[in-house]
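First, one chain by itself: the form predicted on its own, in structure tokens.
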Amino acid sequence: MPQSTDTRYNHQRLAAIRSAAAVFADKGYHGASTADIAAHLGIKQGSLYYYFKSKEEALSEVCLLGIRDYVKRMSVIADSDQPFAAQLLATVSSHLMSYRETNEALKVYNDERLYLPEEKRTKLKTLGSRYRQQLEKIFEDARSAGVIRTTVDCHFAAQSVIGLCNSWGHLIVRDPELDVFILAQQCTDLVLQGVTAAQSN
């Protein structure tokens, strides 16, 4: 069955956004031009405006692509009834895998989003805050259930997990040989077990 016009357009627009991500990741927002994006996509510069009207709009769409999917996955994890350890592993795995799946868009989100106007940055910040709040709630539920120490600062814990994932994410982008699943397990074990040896009574 042939694709509908809307489906074909959406696929082509996603390809244009991914081309913008590749160009921005390589040259930076200010170093890139719409001509560069069009050339990467293999179309004429004028045809690019069929997908977005300006370089700024292209940057906004790239940043949304970089963060949107893993925020959605976080919602699924937070709403699940899995045990805390399984939720944490799923969160870390999803976060790290996002660097492997959309690494150029996520790199642009991390490095270039400050060049967007405040209104668009606020939209991105809201998405990022929702991610952190959902992870914080996972820690809070685990604390209430007695799974983790009652003294755990859940906000600090959530921010720390995000920071750990982002730090390893930059290495994942640079090293395609890194095994994301092993890395996710190691990061999760570090958070769950710490580094000190268990004390015998």
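Given the structure is predicted, the values throughout are model-derived calculations rather than measurements. Counting begins at 1, following the sequence as shown. We call the rigid core whatever largest set of C-alpha positions still superposes within 1.5 Å between the two forms.
Below: the form predicted in complex with the DNA, not depicted.
Colleague: May I ask you to check whether Thr34 falls inside a 4.5 Å heavy atom distance of the DNA in the predicted complex?
Modeller: Looking in the predicted complex, residue contacts with the DNA include Thr34, since a heavy atom lies within 4.5 Å.
Colleague: Lys55 near the DNA in the predicted complex, any heavy atom under 4.5 Å?
Modeller: Contact with the DNA, yes.
Colleague: With the partner left out of view, is Tyr9 within 4.5 angstroms of the DNA in the predicted complex by any non-hydrogen atom?
Modeller: Contact with the DNA, yes.
Colleague: Using 4.5 Å between non-hydrogen atoms, is Gly163 touching the DNA in the predicted complex?
Modeller: It does not: once the DNA is placed as it appears in the predicted complex, Gly163 has no heavy atom within 4.5 Å of it.
Colleague: If you check Ile148, Ala157, Val173, Ile43 against the DNA in the predicted complex, which one has a heavy atom within 4.5 Å?
Modeller: The option sitting close enough to the partner is Ile43.
Colleague: To test your reading of this chain, name the stretch in 164 to 172, 25 to 33, 63 to 71, 136 to 144 whose heavy atoms come within 4.5 Å of the DNA in the predicted complex.
Modeller: So the stretch in question is 25 to 33.
Colleague: Superposing on the rigid core, is the Cα displacement of Arg143 between the shown form and the other one 2 Å or more?
Modeller: Not so; Arg143 is displaced by less than 2 Å.
Colleague: Given a core-based superposition, decide whether the C-alpha of Gly163 shifts by 2 Å or more between the shown form and the other one.
Modeller: No, the C-alpha moves less than 2 Å.
Colleague: Given a core-based superposition, decide whether the C-alpha of Gln12 shifts by 2 Å or more between the shown form and the other one.
Modeller: Where the cores coincide, Gln12 still shows a C-alpha shift between the shown form and the other one that is 2 Å or more.
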